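To begin, one chain is listed below as structure tokens, in the form predicted on its own.
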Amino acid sequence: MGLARGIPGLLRGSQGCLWTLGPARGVLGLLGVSWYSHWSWGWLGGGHHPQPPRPCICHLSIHPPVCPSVAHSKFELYTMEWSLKEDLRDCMVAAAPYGGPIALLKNNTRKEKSPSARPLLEIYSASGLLLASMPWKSGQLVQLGWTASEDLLCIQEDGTVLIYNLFCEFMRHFSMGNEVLQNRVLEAKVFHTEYGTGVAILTGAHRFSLTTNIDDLKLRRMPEVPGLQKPPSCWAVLSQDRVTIVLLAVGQDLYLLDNTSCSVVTPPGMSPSAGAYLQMAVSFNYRCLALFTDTGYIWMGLATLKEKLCEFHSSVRSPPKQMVWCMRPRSRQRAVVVTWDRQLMVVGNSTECIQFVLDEDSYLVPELDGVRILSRTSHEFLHEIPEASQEIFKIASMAPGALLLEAQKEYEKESQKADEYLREIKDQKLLPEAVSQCIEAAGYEHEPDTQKSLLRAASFGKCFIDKFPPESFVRMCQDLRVLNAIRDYQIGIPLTFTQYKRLTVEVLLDRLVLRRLYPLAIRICEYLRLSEIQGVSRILAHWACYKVQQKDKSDEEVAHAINQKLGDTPGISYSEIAARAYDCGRTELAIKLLEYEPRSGEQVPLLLKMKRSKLALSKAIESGDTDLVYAVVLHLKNELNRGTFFMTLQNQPVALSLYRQFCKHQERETLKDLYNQDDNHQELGNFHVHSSYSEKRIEGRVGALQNALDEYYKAKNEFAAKATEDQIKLLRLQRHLQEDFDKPYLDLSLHDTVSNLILDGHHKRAEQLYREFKIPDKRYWWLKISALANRGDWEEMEKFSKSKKSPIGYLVRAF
């Protein structure tokens, strides 16, 4: 330790490996032999069984800073399992970010048409395990790319974009337009913005077309570059202020294409002798831009081209194979990784750089907080070492986290030095900071042993702090356990802690579901105690939707298996699972699954979609929901011819009754047809009586009542027939009275008609109505006496009282 403390600026090893100082470039490297440990967390293993340990050479390099006070580290994620025979340069490669899958297209340059020579599309996990493969039988591919939801985009020369899932199952396709079809595709890029996943195309006419969201396809044709006669030497898609633009280089000129114009731009601080642009790279967050010229000059600045960050003069002038950014979120330091056939260079603010000699062809995958490096045999990660890790593991570091780690190690050795280290931290009142530093550094470590060492130190330090909140420690332990489980090479998702927090656990669960790793996803939900609706229920629903696609079992077996697994789990919708079964052509299975759906409102729409209308009507009636019954009945009305529709309702009295109620208010003529079909003369008579009141002309009203009279006779309802007949007679008399006296009598009752006649002094006409309609004597006497009293015609009242004996007594006469 004494010798180590005397060497400032070096980093110490955390796992007892040999440090060597490289004489050529002053690169400090670590080369050791360890055993590859298969981390399977018991119940968290998702159904995968541990493999026996395998020896491998793990190479970890920690380098002097390319920026002041910043170091970079490169370590191996996996020894690749794919056993490729081809070099990566002979394949078309596309790797999804956030530790996503890798797509390879082999034999794409061959022109033979024989089936054996067809290109082969393969999809691997990040650890090189084959997920799916298929021979490519469609058009010539120009570019592969991944969407944010890990669907594979295959961009063809004719502008058609085919979309496949992780298992090479075709999902859908779309076209980039007729202009692209006519001029063909020269180059294509897949990019990601806040709008979604986009595709940009360079056509044979040297024009750019793009869409910012393939799920809401809106094609944009970018402005033309004046005088452009050949493809640009390099180009990139930028996203600024929610606007997507294209930056391209032609020789020493840069052009910026927005929605309406093409403008020439010059990066600030660019050397006049920089030369022609050969390569450009946009950072993961689209905020930074790097340019490489044919003189080996590298310019780094903001993507807005308004500020220069730094520059670097490289001795290599040949065009790089790839150039990507390597930077951490919220870090003020920037670095760019450039590769050639057998060389990798990391450059930043410093005048020096880190260089690697590559043993084999490699492919760079930019990430949120670093760069993944793929080759035939290994998968590595290059990143800027976080500040917390630098402070703890730097040789001779006096940071509180470093002292706490040493104190815990000495405590395990039962050494009194543990108390000395601990007192030193407590005297400076930095113990809470030391604990937080160890917790934070544990998240950035990839090796579980180092994670445990740091967490033990944090746990040790917590014991000496009053009321230290345990949430951060517990949360970090949970996060690391989840991360270690998904980093297992059989799972193959090498997320870093920073990526995991940006991605969120919900998206991680979605990705596990897409990989059909249902047991692991469920156990993570249970371990993190997520709500059933957000966690287990949703995953089980996805599992069931996948289960219905398996056609090697009968409908009865699949339905029973799904019900046994799901039961009455909250948040499960059997109707959604049944809908997936129906989409897969398994109608009978869908019907069986709907039997487990407790909500009729979810059953009925799918049954109607499957054209099981009668069953849908039965389910709607069983639910007791009249709105649902009405919805089914109206659907049947539009779907079936009139006769079949009426016959269907005959077998469902409840539905027929509700439909009649509907027709009474909405479709009167249909109601008449229903009564005619049933020979329901009584209701037909009522219908005609009701219809008579909507007639404005007296002839129409009398005609409607005459129809009602006929129907009542057929129904043998003598009372209704007699009442209707009297109404017809009254209407005719009222019409004559109205014509004779020029006063309104229509629509009055018999009582009011007689009363008005008496009030107007037409006593003979009143007597005529009294006789024709056989008004009872008592009613007529009361009616006439009341009318004469209201009129004040006492003489007529006296005359009337003496006409014959009063049927209502003489008290009235005295009154």
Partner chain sequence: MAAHLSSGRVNLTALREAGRRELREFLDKCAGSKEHEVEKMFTLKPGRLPQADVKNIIFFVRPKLELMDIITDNVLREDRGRSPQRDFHILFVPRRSLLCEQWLKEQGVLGSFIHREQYSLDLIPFDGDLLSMESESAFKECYLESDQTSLYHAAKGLMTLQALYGTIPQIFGKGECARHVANMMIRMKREFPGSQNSIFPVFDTLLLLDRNVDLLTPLATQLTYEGLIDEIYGIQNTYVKLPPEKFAPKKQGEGGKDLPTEPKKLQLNSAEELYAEIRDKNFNAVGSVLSKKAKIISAAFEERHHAKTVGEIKQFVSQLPHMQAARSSLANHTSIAELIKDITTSEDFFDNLTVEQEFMSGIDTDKVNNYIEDCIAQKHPLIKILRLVCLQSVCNSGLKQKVLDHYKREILQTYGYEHVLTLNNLEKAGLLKPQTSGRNNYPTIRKTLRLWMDDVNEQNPNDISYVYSGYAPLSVRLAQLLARPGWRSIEEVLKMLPGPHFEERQQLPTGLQKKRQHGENRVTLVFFLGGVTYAEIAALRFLSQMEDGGTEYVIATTKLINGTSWIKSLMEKLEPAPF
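Here the structure is a predicted model, which is why all the values come from computation and not from measurement. Numbering follows the first chain given and starts at 1. Here the rigid core means the biggest group of C-alpha atoms that line up within 1.5 Å when the two forms are laid on top of each other.
Form predicted together with its partner chain: not shown, discussed below.
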Checklist outcome for this item: Given 623-631, 74-82, 357-365, 609-617, the stretch touching its partner chain in the model of the complex at heavy atoms within 4.5 Å is 623-631
Checklist entry - Hey, in the model of the complex, is Tyr546 touching its partner chain, heavy atoms inside 4.5 Å? => result no
Checklist entry - Would Ser600 count as a contact of its partner chain in the model of the complex, using a 4.5 angstroms cut-off between non-hydrogen atoms? => result yes
Checklist entry - Do Ser657 and its partner chain come within 4.5 Å of each other in the model of the complex, heavy atoms counted? => result yes
Checklist entry - With the partner left out of view, is Gln682 within 4.5 angstroms of its partner chain in the model of the complex by any non-hydrogen atom? => result yes
Checklist entry - Since exactly one of Gln727, Asn107, Ser350, Thr377 fits, which has a heavy atom within 4.5 Å of its partner chain in the model of the complex? => result Gln727
Checklist entry - Within 4.5 Å of its partner chain in the model of the complex, heavy atoms considered, which of Glu471, Asp742, Asp552, Asp568? => result Asp568
Checklist entry - Quick one: which residues from 771-785 get a non-hydrogen atom within 4.5 Å of its partner chain in the model of the complex? => result Phe773, Lys774, Ile775, Pro776, Lys778, Arg779, Trp782
Checklist entry - For Ile395, is the CA shift between this form and the one not shown at least 2 Å following rigid-core superposition? => result no
Checklist entry - Rigid core fitted, then: does Leu636 show a CA shift of 2 angstroms or greater between this form and the one not shown? => result no
Item to check | Glu725: Cα shift of 2 Å or greater between this form and the one not shown (core-aligned) | outcome: yes
